[in-house]
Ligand SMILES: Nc1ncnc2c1ncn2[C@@H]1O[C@H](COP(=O)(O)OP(=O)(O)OP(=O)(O)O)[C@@H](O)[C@H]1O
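Only one chain comes next, encoded as C-alpha cells, the form predicted on its own.
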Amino acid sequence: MKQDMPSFAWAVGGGKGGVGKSWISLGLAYWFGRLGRDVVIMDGDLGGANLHTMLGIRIPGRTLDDFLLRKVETLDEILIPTNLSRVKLIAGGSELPSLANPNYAQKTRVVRAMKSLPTDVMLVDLGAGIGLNTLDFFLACPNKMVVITPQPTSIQNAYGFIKAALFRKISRIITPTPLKGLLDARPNDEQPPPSSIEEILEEVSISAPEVLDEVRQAVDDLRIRLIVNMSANSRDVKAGNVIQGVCRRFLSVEVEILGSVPRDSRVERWSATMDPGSLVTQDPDNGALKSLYEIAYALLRDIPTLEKNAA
C-alpha cells in the first residue's frame, strides 16, 4: 500500500495488548487539542474497535464501516465530536466481520481519504498484534510510534512488531523478483526465513541485486519513536534502551525514545471505569498526563502545521 498519508499522521502501535496504546493516543489527542490544534483520532483496531467506549460514546452513529461500504464518500462525513476539546473521532466498525480485513483497494481508499481531512494532527490507534492490516496502516503513516511497558513480554512483542513491519515493507519490494516468498513462514523441514537484516541483504545481493539499493533505503527510512508506559522506577524507564539495542543490532533500525509515562493509579481507575470525564479532570501538572504533555509538545517539531504555531 503506497505511503500517501499526510505528514501530520501518526500511527500508534505495539505488539501486545494491554500496554496502553489507546490511552496514550487519547492523552496525546487531549494535549494537542489543549494546545489549540484540531485533532482527528481514528480507531484502527478494525476487529475490536473500542475508542468510542473510552470516550463515553455508547453507540457511534457513524463508523469506518460506512466509508468502506461507500455509504459516505469522505471521512469528514463520519467524524464524531468528542468530550475532548478540538478532538474528533473516526470510530472503527465492528458490525461486519468481513470489514475487519479490508482488501487492498479499501485500505488504499482509506489512506487517500485521510490526506484530505481538515485537521492539524491525526492519530491512528492500531490494534494489537502483527496482522497485515495493522502493519499496513502502521507503514502507511509517515510517523510511527510504538508503545511498550517494562514487562519482558511487552519488550519481546514490540521487537517482533517492529521486525514484522520492516519485513512487510521489504516483502513488497522483493515480491516481483525471484525472492518472492523469502520472508514467508515455511514448513519445519525447510530452511527458515532470514532472521536479520544482514541475512536478507545477502540474499538480495545474490538473487535480486537490482532491488538491493531499494531494500537498503527501505531499512534506512523506517524510523520508530518509542514510549515506555507504566514505568515505576528508573530501571523501567531503561526498557526502551533494550528495544533500541536489539533493533539497531539485528534490524539496522533506529529507535528514538520519546519519553516514559509513569504508572498512575488515576489512569488505572479510568481504564477500569471508562469514565470519559475522569480523563480530562486528572491533574495535568502531575503523573501520567503531565508526562504526555511533555511528549506531545516535543512532537510538534515533527508536524509542520503545528511547528509554526508552537512558540
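For every residue, the number given is its place in the sequence shown, counted from 1. Worth saying up front: this structure is predicted, and the values here are computed from it rather than measured.
There is another form of this protein, the form predicted together with the named molecule, and it is not shown here; the text below is about that form.
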Fill in the blank from the handout: Interface check vs the named molecule in the model of the complex: of 197, 162, 230, 239, the one with a heavy atom inside 4.5 Å is 230
Exercise for the section: Using heavy atoms only and a 4.5 Å cut-off, decide whether all three of 33, 115 and 120 touch the named molecule in the model of the complex. Expected result: no
Practice task
Have a look at 59-67, 239-247, 255-263, 33-41 and name the one stretch with heavy atoms inside 4.5 Å of the named molecule in the model of the complex.
Solution key: 255-263
Exercise for the section: Indicate whether residue 23 is a 4.5 Å heavy atom neighbour of the named molecule in the model of the complex. Expected result: yes
Handout entry: the named molecule contact at residue 28 in the model of the complex, heavy atom, 4.5 Å
Key = no
Practice task
Please run the contact check for residue 128 against the named molecule in the model of the complex: heavy atoms, 4.5 angstroms, yes or no?
Solution key: yes
Exercise for the section: Find out whether any non-hydrogen atom of residue 251 is located within 4.5 angstroms of the named molecule in the model of the complex, and reply yes or no. Expected result: no
